[in-house]
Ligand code: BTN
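One chain is shown next in structure tokens, namely the form predicted alone.
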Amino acid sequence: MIFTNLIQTNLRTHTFGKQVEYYNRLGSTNEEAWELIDENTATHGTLVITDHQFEGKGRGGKSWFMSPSKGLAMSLILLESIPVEKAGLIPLAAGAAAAKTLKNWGSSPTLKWPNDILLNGKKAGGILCESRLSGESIQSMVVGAGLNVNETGNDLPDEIKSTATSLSIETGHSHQRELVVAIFITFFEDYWEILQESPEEIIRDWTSFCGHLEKPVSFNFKGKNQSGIFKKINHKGEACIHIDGNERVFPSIILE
């Protein structure tokens, strides 16, 4: 069980996490967050969290595994309007917040564009952002985050054992999940405020955690396999990749 009072006691935020909607078991925190928005029962910064997410969504239609009572599955509701050109930085801000959170426990996280959180080269978490557009602004957004915290090697399904890990596996001991949540939400609210005035700081911090900067990357684009050198992310959070002597910009691809 996750104790919401422990989350809120450890928060250092102005708005984020002040309203927490906890569910013992839930299909998807992102889907529940949208239901709360549609019902007008959520405020800006509401946190939706569950102890057992059984239909978690990943990017590109993939599923996200969560070990009940050991991992974290949560979604943060953003209801303040934000320009479309800044919206692409929000998943990167969430990734940087997650990386800083994991670093707090002595691990050495890296980020894989646009939404993977790695420990020791293996996936320990991911970010999935969904939004609703009105004109040139995002009117509402749900920021979903999944983090492997206290899973052991035996908890991970056989098909991901070679590519996945957890904070507990990497540090050798378990952690209080409520504290992990509180630190993540606190860092993320800091980035939300930074986004309004100094978005370049988010780009700088995300880049500092990037594990493939100036390195070869491969991906599929419009049905064709591509490869190149990952150079940077631009002011919109898009990937800038050097391919055959030219720098090309990709707003949405999945790196292999």
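Note that the structure is a prediction, hence the values are computed from the model and not measured. Note that residue numbering begins at 1 and tracks the sequence as displayed.
The discussion below concerns the form predicted together with the named molecule, not included here.
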| item | value |
| --- | --- |
| The named molecule contact in the predicted bound form: G88, any heavy atom under 4.5 Å | no |
| H175 within 4.5 Å of the named molecule in the predicted bound form, heavy atoms | no |
| Non-hydrogen atom contact P109 with the named molecule in the predicted bound form at 4.5 angstroms | no |
| Residue contact check: S75 to the named molecule in the predicted bound form, 4.5 Å heavy atom | yes |
| Triple contact flag G56, W64 and D116 to the named molecule in the predicted bound form, non-hydrogen atom at 4.5 angstroms | yes |
| The single option of A145, L167, I185, A96 touching the named molecule in the predicted bound form, heavy atom within 4.5 Å | A145 |
| Among the candidates I138, L156, V180, L128, the residue which, in the predicted bound form, approaches the named molecule to within 4.5 Å (heavy atoms) | L128 |
| Which of 187 to 195, 221 to 229, 35 to 43, 66 to 74 lines the interface with the named molecule in the predicted bound form (heavy atom within 4.5 Å) | 66 to 74 |
| Residues within stretch 19 to 34 having a non-hydrogen atom within 4.5 Å of the named molecule in the predicted bound form | S28, T29, N30 |
